[in-house]
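Quick setup: one chain, the form predicted alone, written in structure tokens, and binding and motion questions come after.
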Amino acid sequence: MSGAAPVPSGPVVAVEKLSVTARGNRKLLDGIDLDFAPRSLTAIVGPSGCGKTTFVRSLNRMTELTPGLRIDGRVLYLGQNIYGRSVNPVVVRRRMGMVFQRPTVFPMSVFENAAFGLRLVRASEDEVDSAVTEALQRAGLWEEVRANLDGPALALSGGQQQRLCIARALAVRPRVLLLDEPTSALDPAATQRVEATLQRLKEEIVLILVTHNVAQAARVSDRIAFLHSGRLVEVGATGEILERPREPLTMQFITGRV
């Protein structure tokens, strides 16, 4: 079964006036509006503490796991507000998977790591076998691990572990994959392999990538959204943002002065 889903006519994710407020009325995000089209890779960039991680965690309701935060506004997934009272956050996180800064592999085999989400939903063995194989292929890891699927995942290199985490997220066939600085702990060669994986995947699903690395955004993204102090300052095609930013704050960040 192909990992590609039918392409919707509108945005897959639409963020409307999204704000996140911490205790003491401190704004972490302030009124963000941003849409994400099918088959695209948007890089979320900005200085440390600008709200990048809070933003992506808000897109699949992980922000609400942190005590003391209030979320206002709407996040629409295929037109449905994911913060609606009747919406199950577990289902949201299946549709919008997440890969974290450091690989989070479990002390089990490569195969069972990739199958973890499928086991939680009690998929059949045939479905698990098919989905794991497909996910490992899409994550660019299959040829490296196919002969040792029963081997320990912790024996893999850091870059392989991160691609295994991507495979685990892909195995439940999300339409959106959120990535929070997924290469920051990797060496250049491993980073290049992960980036090659992302460039393949953006032809299939929506990728939203938090990165502190402007050069990485230039290499892999179609579009850049620049955040500063919890606000969306500017968004546009990658080349335009990097070469002809409209806002002085964006220029300062791109040139290393923020």
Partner chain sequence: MSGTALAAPALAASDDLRRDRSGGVWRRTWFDRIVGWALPLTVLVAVIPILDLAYWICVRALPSFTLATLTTNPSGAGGGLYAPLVGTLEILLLATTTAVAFGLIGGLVTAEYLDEAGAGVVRVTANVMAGIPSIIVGLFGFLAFVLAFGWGASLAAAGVTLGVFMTPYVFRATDLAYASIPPHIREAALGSGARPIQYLLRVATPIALPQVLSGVFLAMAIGVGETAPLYLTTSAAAIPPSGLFVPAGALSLYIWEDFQNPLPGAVHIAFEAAFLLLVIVVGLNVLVRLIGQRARRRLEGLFQ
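Positions refer to the first chain, counted from 1. Bear in mind the structure is a predicted one, so any value in this text is a computation, not a measurement.
Form predicted together with the partner chain: not shown, discussed below.
Asker: Hey, in the predicted complex, does Phe116 get a heavy atom within 4.5 angstroms of the partner chain?
Answerer: Close contact exists here: in the predicted complex, Phe116 approaches the partner chain to within 4.5 Å, heavy atoms only.
Asker: Although the partner chain is absent from this view, report whether Gly79 comes within 4.5 Å of it in the predicted complex, heavy atoms only.
Answerer: Although the partner chain is absent here, Gly79 would stay clear of it in the predicted complex, with no heavy atoms inside 4.5 Å.
Asker: Does His228 make contact with the partner chain in the predicted complex, using a 4.5 Å heavy atom cut-off?
Answerer: The answer is no: His228 has no heavy atom within 4.5 Å of the partner chain.
Asker: So, in the predicted complex, is Arg57 in contact with the partner chain at a 4.5 angstroms heavy atom limit?
Answerer: Looking in the predicted complex, residue contacts with the partner chain include Arg57, since a heavy atom lies within 4.5 Å.
Asker: Can you pick the stretch from 79-87, 130-138, 184-192, 95-103 whose heavy atoms fall within 4.5 Å of the partner chain in the predicted complex?
Answerer: Comparing against the partner chain in the predicted complex, the contact stretch is 95-103.
Asker: Report yes if all three of Met62, Pro107 and Arg168 come within 4.5 Å of the partner chain in the predicted complex by some heavy atom, otherwise no.
Answerer: Yes, the whole trio is in contact, each within 4.5 Å by some heavy atom.
Asker: For the heavy atom contacts within 4.5 Å of the partner chain in the predicted complex, list the residues of 188-224 involved, in sequence order.
Answerer: Going through 188-224 in order - heavy atoms within 4.5 Å of the partner chain in the predicted complex - there are no hits.
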